[in-house]
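Given as structure tokens, the chain that follows is alone and in the form predicted on its own.
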């Protein structure tokens, strides 16, 4: 879709999922007084293996090939969905993946996810704190260098300028669905914020599409700077990437279109809250497979303040069940 909007754009794209992802009105126990819609990103990806991470890899993997790298080095918690997506899709396209993992609160979901990571074929290196991982990162980069070429470092969640393009494209997809009458033009788009790329891409893409919706980010990670200025900065760098690769800019975007809040974070990253668990259970009754660290917390925010947000409210279900 980006290539259609920006002809001649010098950016590779690798189709890994079917688009557009569906939109529909959503009624959930515990959420009242909100004209709520869902865009279900959980079905994006092959074989039912979905979620927002795959959208990012559609732009990251072609750039990795363009750069001639053989190894991808990325980081996350021991339950990282991003790390698993990177390992799985990277292997399918000829890349070795090295994962620097940081301990997080452990529940059954995290145990299952760690087992999947251990079976993924990625090289795993586990550390007790983000600080210890940061100290080890240069050594890991050097260890996995091959043919005098370092691994390509990808930040947590794939939230660099290339990964962010996945949600610029998603915003343009939302605009097309609005134009086709599949959903009303949203006043607010709500999404959990774990690394920032999804929020930054949506904000930039909605601006490019001429939609006035604000992006409300429910912060679920206390180890990164996920403030509105930081996310607007990532959006601006993504706009600069588009221009540098042939898009007719310049593009401008104000941080005023992004609101973030850590009111639903809980004690730390990866720690479910009673409210997020309640919303996961409500989602299950509505046929949605969710988890309490990202999607549950975003829905908990909507349950608390949804009636105060400009509507209609569009919630992105970014979970990738498998």
Ligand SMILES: Cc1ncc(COP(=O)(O)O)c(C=O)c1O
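Residue numbers count along the first chain shown, from 1. These numbers come from a predicted model, not from an experiment.
The same protein also has a form predicted in complex with the named molecule, omitted here; what follows describes it.
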* **One residue of 264, 59, 44, 294 in contact with the named molecule, assessed in the predicted complex (non-hydrogen atom, 4.5 angstroms)** => 294
* Structure fact -> Answer key, the named molecule contact in the predicted complex at 4.5 Å (heavy atoms) among 166, 192, 90, 76: the residue is 192
* Asked: Quick one: in the predicted complex, does every one of 81, 197 and 318 get a heavy atom within 4.5 Å of the named molecule?
  -> yes
* To do: With the named molecule left out here, work out from 27-35, 51-59, 64-72, 250-258 which stretch has heavy atoms within 4.5 Å of it in the predicted complex.
  => 51-59
* Even though the named molecule is not shown here, does residue 159 get within 4.5 Å of it in the predicted complex, heavy atoms only? -> yes
